[in-house]
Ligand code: BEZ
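A lone chain, given as structure tokens: the form predicted alone.
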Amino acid sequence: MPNPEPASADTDDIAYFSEENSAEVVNARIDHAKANPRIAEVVEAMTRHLHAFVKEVEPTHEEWLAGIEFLTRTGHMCTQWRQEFILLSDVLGVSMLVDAINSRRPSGATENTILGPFYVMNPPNRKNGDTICLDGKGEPLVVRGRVTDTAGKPIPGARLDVWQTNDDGFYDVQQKDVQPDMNMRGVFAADRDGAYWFRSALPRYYPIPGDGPVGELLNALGRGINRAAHIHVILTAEGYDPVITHIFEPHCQYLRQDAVFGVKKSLIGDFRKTSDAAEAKKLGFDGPEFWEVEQDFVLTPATGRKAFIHQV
């Protein structure tokens, strides 16, 4: 039997692994005739950057195993109600970057920010002027505004799905036997002028889960675990792209240190404290003092983009 032809020098360069050509050797094994083109593109780029990272950091065997163990523990923390990998993506700024890439809009349109892990499907429909604060805690707040297109034309019927923590810094799903069901949640519809309004409580900062691997990582980096005070809003309207966004409270001490990088300047609301006994009584508040914020939202024509809502 004749001996096989010796491999060429060019073939040898991508057949045998070395420190210098490591990424090229791995990527050369992809059979582009059989591979899913997008998966191949993503894996090739991931391999190049991962190998470049390893060459820059030069981890020891112990450090590399510690990294694998960290990811293993991150996976073990994931349950039906908690997604530690999403939390890891959040604190590294990756969730915000992916969202920014997928939510590019013209100047003047409302900006996106991350959904967060505590969204609940099918919250109750409420009428304009209703309160979402069912436990009566916190400083009273009234939220008003309009929903328009980029030309300032009102969008009647635009849907505003809102939710926030209570004054103790917890979402209702975190305190099933403590808070009323659907506390601090509701869906409102803009009127024929695009206007909406509802009553709530002044939002407050709160910590992201810090009892798992992600919390350990933040502690090792000297980083905080608090989210800046905010109200979540998902806006939808027929013929317009959906928007997942926040209204941030400007006086919050963590506005510039939000643990998941969710704050954008355009989303910081103008919260004002008002002392007006007659107006407070008309709004149904007990005392003469209350907070108010006026936040308008601007939607753009539909492009087929969908709101990415993950359940954890």
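A residue's number is simply how far along the shown sequence it sits, counting from 1. Please read these numbers as outputs of a predicted model, since none were measured by experiment.
There is another form of the same protein, the form predicted together with the named molecule; it is not shown, and what comes next is about it.
- Of the stretches 131-139, 224-232, 189-197, 70-78, only 224-232 has residues with a heavy atom within 4.5 Å of the named molecule in the predicted complex.
- Contact annotation: of the candidates 116, 145, 212, 123, the single residue with a non-hydrogen atom within 4.5 angstroms of the named molecule in the predicted complex is 116.
- Interface membership of residue 240, defined by any non-hydrogen atom within 4.5 Å of the named molecule in the predicted complex, is ruled out.
- Contact check for residue 170: no non-hydrogen atom falls within 4.5 Å of the named molecule in the predicted complex.
- None of the heavy atoms of residue 247 is located within 4.5 Å of the named molecule in the predicted complex.
- Contact between residue 84 and the named molecule in the predicted complex is not found at the 4.5 Å heavy atom cutoff.
- Taking a 4.5 Å heavy atom cutoff to the named molecule in the predicted complex, the one contacting residue in 259-278 is 260.
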